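Given next, in structure tokens, is a single chain: the form predicted alone.
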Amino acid sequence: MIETLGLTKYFDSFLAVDHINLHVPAGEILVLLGPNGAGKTTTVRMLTSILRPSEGTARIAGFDVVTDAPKVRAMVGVLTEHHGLYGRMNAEEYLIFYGELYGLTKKESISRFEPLMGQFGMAEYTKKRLGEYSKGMRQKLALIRAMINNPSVLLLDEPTSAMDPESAIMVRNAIRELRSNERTIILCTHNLSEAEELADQIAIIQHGKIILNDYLNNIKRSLLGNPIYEVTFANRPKDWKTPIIDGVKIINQNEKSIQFEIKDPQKANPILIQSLASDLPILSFFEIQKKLEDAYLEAINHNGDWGKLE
């Protein structure tokens, strides 16, 4: 659904985006991570046919962002950092206006935005002037605007910024629901917990160049090592000996629990559990979840100091 090859952008002599290659199949969410100024917004603007690439190509659902720019713009929904809301309009007037830009009739626009206003808890504010909206309300309205044309591709820049926790959860749930076999999403965020919750793929960009792009679990394993599992016992005799199993390594233990690093869990876990349970009463056996934050820090520590995420 989204494919770039050598996508590059210069501003005079400044290299803002450096030969980026991306491949995002239909129905997936790619989260683009990196500090301010890394090239995320410039990349998104090229994918929406707002900026013309200096080199390379990009295609959205098979359409070239340069030669097929009108078709690309018609099928893409964009949430930008600066929303451009018209403060003297109310939400209904504003969304009808944007619907007209996509060739929708007033009736079609209303039929599309009314369910979305309800989904985001905004139905009672349809007639309220946008200048009276809070920051969080403006953010949700901008997201509704991005979806009014029922886009095949959504490009979202910090979709939950300025939102209270309840609203942020509501928006993240909506993003999950929007992902389908017909729709693909690129999400730019500084919120690593949000990225981990929503991402299929992660791409980390530094100084305009993609330094890491893979599926989330692959990134965690490649940067943080094999999965870690912990088993907790009701009691364990001091003279009890841990079974030796190929691909299983003890990394920590105490009186009531042991942590194992396991190379191939599908193969080793059944053997390990059977061996442990034959001698000891097991209270729990679970994987210790590794965080994207740890993988992100590991990546940037090997690729220069990017500064602090905001």
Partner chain sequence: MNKDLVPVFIIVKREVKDQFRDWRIVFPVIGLTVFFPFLMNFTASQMLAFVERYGASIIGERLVPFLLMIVGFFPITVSLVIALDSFVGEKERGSIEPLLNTPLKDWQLYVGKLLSSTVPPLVGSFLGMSVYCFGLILSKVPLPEISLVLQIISLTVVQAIVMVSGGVVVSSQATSVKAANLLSSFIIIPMALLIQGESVVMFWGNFDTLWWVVFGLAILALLLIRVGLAHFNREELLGREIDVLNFRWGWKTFSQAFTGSSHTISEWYKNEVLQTIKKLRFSIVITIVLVLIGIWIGTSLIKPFNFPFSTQNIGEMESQIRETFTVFSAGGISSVFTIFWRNIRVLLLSFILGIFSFGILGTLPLIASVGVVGYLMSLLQINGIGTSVYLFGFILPHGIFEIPAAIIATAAVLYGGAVLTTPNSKLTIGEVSLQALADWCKLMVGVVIPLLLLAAVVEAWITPKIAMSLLFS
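Computed from a prediction, not measured in an experiment: that's the story for all the values here. Residue numbers count along the first chain shown, from 1.
As for the form predicted together with the partner chain, it is not shown, yet the points below apply to it.
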Exercise: F286 in contact with the partner chain in the predicted complex, heavy atom 4.5 Å: no
Would R45 sit within 4.5 Å of the partner chain in the predicted complex, counting heavy atoms only? yes
In the predicted complex, is there a heavy atom of the partner chain that lies within 4.5 Å of any heavy atom of F11, even though the partner is absent here? yes
Is E100 part of the interface with the partner chain in the predicted complex - any heavy atom within 4.5 Å? yes
Which one, 45-53, 276-284, 23-31, 259-267, holds residues whose non-hydrogen atoms are within 4.5 Å of the partner chain in the predicted complex? 45-53
The listed residue (R183, R73, K220, R236) that reaches within 4.5 Å of the partner chain in the predicted complex by any heavy atom is R73
Sort through L212, A199, V78, M163 and report the residue having a heavy atom within 4.5 Å of the partner chain in the predicted complex. V78
Residue by residue through 82-109, tell me which have a non-hydrogen atom within 4.5 angstroms of the partner chain in the predicted complex. H82, H83, G84, Y86, R88, M89, E93, F97, Y98, E100, L101, Y102
